[in-house]
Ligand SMILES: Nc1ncnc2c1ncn2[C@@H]1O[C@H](COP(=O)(O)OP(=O)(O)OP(=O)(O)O)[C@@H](O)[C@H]1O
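Read the single chain below, which is given as structure tokens and is the form predicted on its own.
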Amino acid sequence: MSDDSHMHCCNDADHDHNDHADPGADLTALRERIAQAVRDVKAQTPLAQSFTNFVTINLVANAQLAAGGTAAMSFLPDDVIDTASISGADYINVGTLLPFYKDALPQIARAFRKTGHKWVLDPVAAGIGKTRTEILRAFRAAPPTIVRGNASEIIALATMWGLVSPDEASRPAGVESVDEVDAAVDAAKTLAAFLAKFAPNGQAAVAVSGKVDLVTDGEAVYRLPGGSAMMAKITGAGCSLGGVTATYLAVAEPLVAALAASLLYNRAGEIAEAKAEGPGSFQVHLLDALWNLTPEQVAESPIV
């Protein structure tokens, strides 16, 4: 399974800003932080390690490289934990599971919690299967810095962690969302606020992909117009976005990392779709666009 059926397109939305100490209080300052994150990744080539879906691992690594970062992929807990000492952030994706993951992934998460290591979780197909549910529930005690998924996955994760009440209207549907992004606003904000309590610097974020992309730090809510429906026609669009989010998290605060990655993908998807003749060439053009987009192009993208 992969969280790659998500379209990274969106439309307008509401301002849900508070004047608390968050970068969203000043959109101009926020755009500069986003541009700086893109510059820093290109200048520093930060390492972001992944324990990810083996169906899409190649695209995840290539997307991280194209965005300007460095990739390391592993499925060995001790290897991942040791390498975390030199990686700026890590990425965990629960899309395709093997039996040993049930012990390995909680072990890794506990180690990250102990050291305060930043990481991104993609809860692919949350709510489906006993093993996947056990793994995701275990992360509640050692949660990530950023969660990125579709609306149904975000709602399912927040529900299994006991953060929101179960909603019969929301149900898992494989890797595809059966919920609109708007339905996940409360779950996303509540989840982000919960993650922030565990973060060493008190900052976390949740990114919801769908027809309307949404990013929140638990207080401010941002909508990101744009993107391409062709994202749904290749394997690994959502997975690779998670990996690139970790790349940005290596150099930036969680909200900025989540926004930068989502905006980068929206712009790259638009460019790739305009040039592609089908899914195969779309993937090639997507990687090229991730490489060629400038910090200014990313930061000047529409943010509502």
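Residue positions are given as counts along the sequence shown, with the first one as 1. Since we're looking at a predicted model, the values are computed, not measured.
Beyond what is shown, the protein has a form predicted in complex with the named molecule; the following relates to that form.
Placing the named molecule onto this chain after superposition of the site C-alphas, with its pose taken in the predicted bound form, gives at least three ligand atoms within 2.4 angstroms of backbone or C-beta atoms; the site is classed as blocked.
The closest heavy atom approach of Thr145 to the named molecule in the predicted bound form falls outside 4.5 Å.
Proximity of Ala229 to the named molecule in the predicted bound form falls within the 4.5 Å heavy atom cutoff. With a 4.5 Å cutoff on heavy atoms, Cys239 counts as touching the named molecule in the predicted bound form. Although the partner is absent from this view, Tyr265 contacts the named molecule in the predicted bound form, with a non-hydrogen atom inside 4.5 angstroms. The stretch in contact with the named molecule in the predicted bound form, judged by heavy atoms within 4.5 Å, is 202-210, chosen from 155-163, 202-210, 107-115, 78-86.
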